[in-house]
Structures are given as C-alpha cells and as structure tokens.
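Next up: just one chain, as structure tokens, the form predicted on its own.
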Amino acid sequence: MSDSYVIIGDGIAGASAAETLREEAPDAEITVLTDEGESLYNRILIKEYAKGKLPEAPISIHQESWYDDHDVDLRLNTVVVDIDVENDAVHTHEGETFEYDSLLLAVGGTPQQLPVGNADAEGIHHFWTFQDARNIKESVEDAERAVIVGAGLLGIDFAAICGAQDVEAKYLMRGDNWWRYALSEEGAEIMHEAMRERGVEPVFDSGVDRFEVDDDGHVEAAVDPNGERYECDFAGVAIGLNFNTELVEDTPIETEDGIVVDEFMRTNVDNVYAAGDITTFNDLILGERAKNGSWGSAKEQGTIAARNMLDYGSDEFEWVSSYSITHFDFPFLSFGHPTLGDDSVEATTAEGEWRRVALKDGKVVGGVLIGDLSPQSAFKQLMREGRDVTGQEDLLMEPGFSVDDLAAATEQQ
C-alpha cells in the first residue's frame, strides 16, 4: 500500500514539497489542503500586479490542471480545524477526515492588525495574498491620499504601490528611519529619497494612535501619537505576521514564535514536518534557532521537508537567504539575518551605493547592499563557511571585495 502524505498549505513551501514528493515517490498519495480559493501563485509578483505593472496571468505558477496531471489531490477553500497526531488524521471545516503517514504544515502567517481604534475600517489594507493584491489595486486606483504604516520590507511595497499609482502618501514610521534594525540613517536616506521622488513622504517618530472614519465607515484620516492628523482614503498596514500556530495548540507539537523544527524540517512529533514562514528552525549557519520569511527559503524548506518525509535524515536545510527590492532605479538586496549580530560595519562605497554587514562573534551573519550587489556572493560564501573576519572587517567594505582578498590578507598576518 502506498504511503499517504497530507500537506496543509499551497504556498511555495507546500507546493515545492508536493512537487518533490511526486518526483521521488511516484506512487504516493498526496493531498494538498488550502484555505485559499486559488492554487499556487507567485507572491513576489503580486506587488507588481497591485502597482498596475502586470496583468493577472503571469502570476499563477500552478494551474489547477497541474495537480490533476501530477495526481495530487488539491482541495481549495478547505480549512483544517483539527490535527489528531495520535491517530494521524486532520479534520476540515466540512467534516472531512484525511489520514496520513506523514504530515507537512506549511500554514504561514496572517498579517497583524494595528491595535488601535477603527483598524478594521473600509479602505485599510493588509498585503499577503493575491486577493489582498486585487483589493489593494482596486482601492488605490480610486484613492487621492494614503497613509502607510510599517517601516519594513512589506511596508515599502505599499509605498511603491502608491507611488506607481500616483497617490500622494505619508509613510508613518515609529523610529528615525526606514527598517532601522538593519539600516543606519545614512543607508536609509537613500531609500527615503527614492520614496520622496515618487510622492511618498517619510514621517519619522510617528505611527498611528487611531484611525478616523466617515459616516460610511471608510477611513478618512490617521492620527499619530503626537496628535498630527493625516487625511487619507487609503491606508496600508504592514507591521508583521501572526504565525498560524493555533492549529497545533492542542497537540504535543512544540511552538516558539512558530512551529519548531530541526534541520530536517521535522517537529518533535516524528511524522509531522513544517516548512516556510511558520517554522522556527535549527539554523546550521547561525548555530541557533532562527526564522526566515523569504520566498527562496520557503521553497527550499518545502523541498527538504519532502525528502526527509520520505527518508528522515537524508537532507538538511542549510541556506543563506536573500530578499530583493526592485521598486526603484537602483538595486537593493538584504541577505542572511541583517537585523541580528553583536557588531556591524558599513560604508558608502560610491554615490548612491551603500553596504552594511552584520557580524556575530567575528562572523558574517547578514547584511544589506544598496546600489552595488556584486559582493553578495562573497558575503554569502563567508556565511556558509563560517569564516572569522575579526580584524579584517574593513576589507568587507572595499569596492570589488572578494573572498580571495580576505584570504590574501590572512596569509600576510
């Protein structure tokens, strides 16, 4: 009898797991359950759709026919309400039961809502799914003034959308610069200026104390903690995710800011695995538990999980992630864990070019590159090798830096 695999979630983590299972276990029974109403699409491209730069067609990755062609049982609009790890079964909102030999949880997260008055008013948007992108596009095309909240990688997508749709926006940030945990004011100012050029004005030491609505319940203004009032008929909120761990609350599955897995993507329950945003995983490069929400990381985790569902211990997750922003006239890339570490070095290497490398115990753990992305391969190599660069940190800031430069300097000491 063929083994049965159930995957909860059809994002890139769940879909890559389904692909791998089918490739490596041709006779396996594979079921994918998702609460969304459409099959796998490219979450990276939905921002371009919301900007009005792309039609819907190129964004889909797996048409529903893909699942039929690969003998994968896809269940759309299906909410899993219970996981019974003792009897190896999951139960859905419609009363169906799916038994499994191995289970993969690729359930991701849900955007956080601001804990302020009228945060659920009409015209206030969060950005996570394709349907969110459709709603945002429809709303912003009719908007005149916008407010954006959330000074991170998702918040800047709202800034780019407003700029592309010619909507004047105020970007309310709690600190003194965008993504202040990864960028200094010097690096962030490059991003601020690019926003201003597109009609998006950063407002520092701000935030939202409450939203105001009109008689129809539509947002009409945001009031910040300083009492400043910003009129708007569109608001974008991107302050992080609540990870969807409620599904495992009544199970023995360990959680810690997500579902805890080892380097093989297995939870503390032997036949239950997890992949994607939901995981708190054993990061072999950092040597500690970590999280990573990038598309590439989620895809790789899904693949690794599937291989270990078939043969536990056969493949481990060791990955240096990267995240690109392509909204502006210059490239931007973060890699690894740029907000972690106990030290850092940074430099402006040329006009419009800036870099910062985060260090922990003398080793590279992440960084940000603006304008010149050429050192990324070298920095990622240093991370993978766990190379100690103590005493040579300045070399990392040299234009055209390569790992060979570091090796040469080591030999001269």
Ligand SMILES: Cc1cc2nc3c(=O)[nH]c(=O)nc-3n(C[C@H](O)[C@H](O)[C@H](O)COP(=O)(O)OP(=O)(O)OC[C@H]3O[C@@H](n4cnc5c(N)ncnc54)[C@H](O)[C@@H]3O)c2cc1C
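Numbering starts at 1 and follows the sequence shown. All values derive from a computational prediction rather than experimental measurement.
Another form, the form predicted in complex with the ligand, is not on view; read the next lines as being about it.
- When the ligand is considered in the predicted complex, only one residue from 206, 244, 165, 139 comes within 4.5 Å through any heavy atom, namely 244.
- Exactly one listed residue, out of 290, 195, 72, 80, brings a non-hydrogen atom to within 4.5 Å of the ligand in the predicted complex: 80.
- The stretch in contact with the ligand in the predicted complex, judged by heavy atoms within 4.5 Å, is 152-160, chosen from 259-267, 173-181, 218-226, 152-160.
- Not one of 5, 30 and 304 comes within 4.5 Å of the ligand in the predicted complex, counting any heavy atom.
- For residue 46, a non-hydrogen atom is located within 4.5 Å of the ligand in the predicted complex, even though that partner is not displayed.
- Remark: residue 108 counts among the residues lining the ligand in the predicted complex, judged by a heavy atom distance of 4.5 Å or less.
- The ligand in the predicted complex is approached by residue 298, whose closest heavy atom lies within 4.5 angstroms of it.
- Using a 4.5 angstroms limit between non-hydrogen atoms, residue 324 touches the ligand in the predicted complex.
- Taking a 4.5 Å heavy atom cutoff to the ligand in the predicted complex, the contacting residues in 7-31 are 8, 9, 10, 11, 12, 13, 14.
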